[in-house]
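In structure tokens, one chain follows: the form predicted on its own.
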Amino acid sequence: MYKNPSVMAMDFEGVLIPEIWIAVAEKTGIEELYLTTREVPDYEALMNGRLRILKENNITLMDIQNVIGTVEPLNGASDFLSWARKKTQVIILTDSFYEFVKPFMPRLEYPTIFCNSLEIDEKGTITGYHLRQKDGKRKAVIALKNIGFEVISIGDSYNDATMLSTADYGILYRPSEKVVQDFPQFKVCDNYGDLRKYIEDYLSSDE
């Protein structure tokens, strides 16, 4: 019996690394920066609010990168990613930015990652952002399915919902209670051990 090859399309922040904006909030003490896509479904409104806050507080890209330099991947993330690559192909789909994720690449053995990009002025101020395409996570999963892959998807927030819904198998990893309530159709787990089990069970179900 023929079975399409599998690929895992997974989120980055909240799944493999801590939320970058929360780290910035902790460093600066700015309460509004604690908000993430776990609480705010409208990504455009969330990012526009963040840019406004950065401008009002004269926070530059360098300031944020200095915070990022102190952030380590989640405990067990590197081992999980190494395990996942032995089971299937892995692509990270994130609404974060290349300018933010670059420091994590060597610590996670340079995974394939699709990000967005920031617009920076001559003073190093973040003045805007550029999405590769709107709802890019979902469209990436559609593209993978259209070229013959079976897609397992992992995310934690509202901005992952369309990706998980489009995939053949969607898992919420360490989501907020509100996200769990709003998307009861997805498997939910809060540790890499259970996540491995869900993936193994799914991959072996059609063997």
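Numbers for residues come from their place in the sequence shown, where the first is 1. The model shown is predicted, which means the values in this text are computed figures rather than measured ones.
In what follows, reference is made to the form predicted together with another copy of the chain, a form of this protein that is not presented.
- Contact with another copy of the chain in the predicted bound form, judged by any heavy atom within 4.5 Å, is made by just one of 147, 62, 180, 45: 147.
- Proximity to another copy of the chain in the predicted bound form, defined as a heavy atom within 4.5 Å, singles out one entry of 72, 109, 121, 79, which is 109.
- By the criterion of a heavy atom within 4.5 Å, residue 114 is counted among the residues contacting another copy of the chain in the predicted bound form.
- Under a 4.5 angstroms non-hydrogen atom cutoff, another copy of the chain in the predicted bound form lacks residue 151 among its neighbouring residues.
- Residue contact with another copy of the chain in the predicted bound form: residue 89 places a heavy atom within 4.5 Å of it.
- In the predicted bound form, another copy of the chain lies farther than 4.5 Å from every heavy atom of residue 27.
- Between 64-72, 139-147, 172-180, 27-35, the stretch whose residues reach within 4.5 angstroms of another copy of the chain in the predicted bound form through a non-hydrogen atom is 139-147.
- For the candidate spot formed by 98, 130 and 133, every residue has a non-hydrogen atom within 4.5 angstroms of another copy of the chain in the predicted bound form.
- The partner is not shown here, but in the predicted bound form the stretch 61-85 reaches within 4.5 angstroms of another copy of the chain through a heavy atom at 85 alone.
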